Ligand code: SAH
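We begin with a single chain expressed as structure tokens, specifically the form predicted alone.
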């Protein structure tokens, strides 16, 4: 089975490449894809660059060119649920695009004709993630993740997204990956580490957090691969 593993930034896949060590790289459509074997699995790993367009392009390439049958995404997100704190791991039960707006035509926010507001994550992969969290003794939250092509720092905007979509966290890639995977019938999983929240410490160092969270997420993803390799 071929598994795709995505991040948005180089830092989010570096611990995985370091762990697997022996891999090949290939340039496709301006991006680099790394292929390797792990147990009985074939892996393709890439960071998309930030934003919905690059994330969609990368996910589609992994599925169409590299023939990935499942897709795992890990990265960071901002919290809008006050119960989430820096460092918490959140898995998306479903995702939406908070910046998609054709409400002028009578449609709900986040909806396009022949589509839906939310895309649901694969239930089997969600179950595996719960098993991994239990095995590693790591707290794991579930929630709705909202995606948009903007870094949201405005409290009023955050409140609107929370109220409109009942979202727990914000980021810039997940829902677009979900749309691609749903359209191409590929099960997907989105894991996010909370990088900022309402009670954010003024001394918080994002670069240090990104490095540590990438290592923790990589460990989590590798344990998921261990379970998938047995299936």
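The shown structure was predicted, so the numbers you read here are calculated from the model rather than taken from an experiment. Numbering follows the first chain given and starts at 1.
Keep in mind the form predicted together with S-adenosyl-L-homocysteine (SAH) is missing from the figure; the text below concerns it.
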**Study point:** Contact residue in the predicted complex, chosen from 180, 63, 44, 170 - any heavy atom within 4.5 Å of S-adenosyl-L-homocysteine (SAH)
**Key:** 170
Practice item. Report yes if any heavy atom of residue 76 sits within 4.5 Å of a heavy atom of S-adenosyl-L-homocysteine (SAH) in the predicted complex; otherwise report no. Key: yes
Check your understanding: Can any non-hydrogen atom of residue 17 be found within 4.5 angstroms of S-adenosyl-L-homocysteine (SAH) in the predicted complex?
Key -> no
Practice item. Report yes if any heavy atom of residue 8 sits within 4.5 Å of a heavy atom of S-adenosyl-L-homocysteine (SAH) in the predicted complex; otherwise report no. Key: yes
Check your understanding: in the predicted complex, does residue 133 have a heavy atom within 4.5 Å of S-adenosyl-L-homocysteine (SAH)?
Key -> no
Exercise for review: Name the stretch: of 88 to 96, 118 to 126, 148 to 156, 134 to 142, exactly one has residues whose heavy atoms fall within 4.5 Å of S-adenosyl-L-homocysteine (SAH) in the predicted complex.
Suggested key: 148 to 156
Check your understanding: Within 40 to 56, which residues have a heavy atom closer than or equal to 4.5 Å from S-adenosyl-L-homocysteine (SAH) in the predicted complex?
Key -> 50
